[in-house]
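Here's a solo chain for you in structure tokens, the form predicted on its own.
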């Protein structure tokens, strides 16, 4: 197994164990053993369990951001663009249930350093802030502080994805899709 493969095996295993057992109940030794690497190899890639979960969080956030950015096309009307982004984001969650469960468990957790959460929100998901600023400038979105708007968007996304993961048939129902976006939009609009 190459160095890159070992690192990915550690990340994949940590994801599974953090979701199934929790951060504190998962030891680095159990991650290494299940990943098929030596504990020293794990520490070569990640100096601590905290560094591992922070790296995992940022890498999954980047994967999420890349996936939704690649599928959104800004057509000029903010509401239409936002609705498309919302649908694509929830589709990603439904297609990646383990990674979304990780977000559900750790997005608001003290296990993820606040600086790491800020990095994810401001850098990786920076395009979201740009869309909000555009909407505020155009008078379409409420003129609330940007950091508060971003947290509100994030909370609504987590709530909607939690509902749809728990009730997967609802995501196939157009009324539920429209309603989830309407609730999101109504909280944001001017």
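Every value quoted in this text rests on a predicted model; they were computed, and no experiment measured them. Numbering follows the first chain given and starts at 1.
As for the form predicted in complex with the DNA, it is not shown, yet the points below apply to it.
Only one segment in the set 59-67, 135-143, 161-169, 46-54 has residues whose heavy atoms sit within 4.5 Å of the DNA in the predicted complex; it is 46-54. Put simply, residue 122 is far from the DNA in the predicted complex: not one heavy atom of it is within 4.5 Å.
Looking at residue 38, you'd find a heavy atom of it within 4.5 angstroms of the DNA in the predicted complex. Although the partner is absent here, residue 152 lies well away from the DNA in the predicted complex, with no heavy atom inside 4.5 Å. Contact annotation: residue 156 falls outside 4.5 Å of the DNA in the predicted complex, judged by heavy atom distances.
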